[in-house]
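Next up is one chain by itself, shown in C-alpha cells, the form predicted on its own.
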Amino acid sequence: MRRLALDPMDVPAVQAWLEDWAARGWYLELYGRSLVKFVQGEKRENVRYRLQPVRGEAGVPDQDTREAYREMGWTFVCATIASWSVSSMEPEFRIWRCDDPAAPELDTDQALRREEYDVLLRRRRRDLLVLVPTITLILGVILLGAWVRPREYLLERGDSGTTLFLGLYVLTCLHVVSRTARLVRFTRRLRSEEPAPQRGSWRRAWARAWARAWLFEGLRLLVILVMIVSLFHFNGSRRHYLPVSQYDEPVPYVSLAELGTPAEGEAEALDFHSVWGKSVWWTMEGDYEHLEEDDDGPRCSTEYYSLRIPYMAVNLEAQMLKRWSNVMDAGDRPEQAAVPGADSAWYWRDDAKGWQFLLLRRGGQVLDASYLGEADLLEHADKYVEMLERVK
C-alpha cells in the first residue's frame, strides 16, 4: 500500500502517523520523496517509530550501529530523502522501529540530540543560501529581458512557460523556508528543559502534504504542457489570423477605407495573451499573399501593444525602431514627427518600394503601422491617435 508522504520535518507528527498505521497492521517499508510504501502485517498497539537525523551522507547505518540498536530493541527501517531541496540526494532522517514497549527510548541524551538536529538545520540553511540568490537572479534575468526586449515577452514567446517556471521556483523556495522554520521550532523545543514530544497530531501535516502535492505537481505538469504547446505555437507566424468580425471585442487598427484606399476582403487580426501586456494585436488588410508579384494594391499591417508597465513602452519603441532600421537601406533613417496626441511619433518612407512606416507611442501604448498605397500615412496619423484614445 502506498500513501502520500508527510514532510519528515514534522517529526512528532510523522512518528505518530507511522505508529497509528502500525496499529492498523500496516508497517513502513520505504519513505520516498512523495510516497510512502507500507506492507501489511499483524496489528500492534505498542509499536514505536523514531526519526533520527543523519549526521553524514550515509542514510543506511553501518553494521555495528545496527547491532547496537538491535540490542536495545530497535530495527532500522529506511532513510528519508529530502524533498524539494538543493541537497535532494542527501538523506535527512533514519527511521527506526521498536515492537517492544519495554525497550528504552532512543536519543535520551538531549545535548546529543540537539547537536544532530543542528547539523540538519545547517544543511537546510545552506539550501536557503543557494535558493534565495538563485531565484533572485532568475527573476532579475526575466525582468531584464522583458525590460530590454519587451516585444518578445509580449508575443507569448516563452512568456507563459517562463512565468509558470518562476512560480514553481518561488513555491520551491517558500517550501524550503517553511520546512526550515518548522525545523527551527522543533530544535528550540529540544533546547528547553523539557524534552520535545515524540508524538503529535498529524492531521495538519497531512493537509500540508496534500496542498504541496497539488501545488507542486499540478504546477509542474502545467509548465510541461505550456512548453509543449509553445513548440507548436512559438510565435504569431505559426498561428492563424481571423477576420476582425469574428472577434467579440473591437480590434485596434485603422482600416484601408479610413486611409482612403479601400481594398477587397476583410481585415484579419491575431491577438496575443501575455502577462506583460494588457492587449496585444497584429492586424493585416489587403493582399499579402502576392507580395513578390507586380501588384500595387493597397496593404496595411499594424502591430498594437498596450503594456501593463507604461514606462516599458519607451523601451518597446526603441526596440521597434532598431528592428526596422536593420531592414532599411543604409541611407534611410526614420524621422521624428510631430503628431498631436502622441507622446512620440516616427515616420519614414521607402521610396524604392513605396512602403510607408509609422510608429506611435502614447502612454503605455505602442503602435507600428506598415502601409503600401497612394495615401500619405503621416497625414492620417490623427486617425491612429484617435484609435489609441478609444482603446486605452
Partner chain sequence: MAREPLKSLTESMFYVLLALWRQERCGTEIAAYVRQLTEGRVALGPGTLYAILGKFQDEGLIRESWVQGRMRVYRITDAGREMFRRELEKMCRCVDNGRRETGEEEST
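Numbering follows the first chain given and starts at 1. Keep in mind that what you see is a predicted model, and the values were worked out from it rather than measured.
If you look for the form predicted in complex with the partner chain, you will not find it shown, but the lines that follow are about it.
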- Message: Only one of these stretches, 258-266, 240-248, 167-175, 99-107, has heavy atoms within 4.5 Å of the partner chain in the predicted complex; which one is it?
- Response: 99-107
- According to a 4.5 angstroms non-hydrogen atom cut-off, is residue 365 in contact with the partner chain in the predicted complex? no
- Task: Answer yes if any heavy atom of residue 185 is within 4.5 Å of a heavy atom of the partner chain in the predicted complex; otherwise answer no.
- Result: no
- Item | Exercise: residue 74 in contact with the partner chain in the predicted complex, heavy atom 4.5 Å | yes
- Answer yes if any heavy atom of residue 26 is within 4.5 Å of a heavy atom of the partner chain in the predicted complex; otherwise answer no. no
- Item | Single option in 31, 357, 69, 49 placed near the partner chain in the predicted complex, where near means a heavy atom within 4.5 Å | 69
- None of 112, 221, 129, 143 but one has a heavy atom within 4.5 Å of the partner chain in the predicted complex; the exception is 112
- Is every one of 278, 336 and 343 in contact with the partner chain in the predicted complex, taking contact as a heavy atom within 4.5 Å? no
- Heavy atom contacts to the partner chain in the predicted complex at 4.5 Å, residues of 116-135 in sequence order: 116, 122
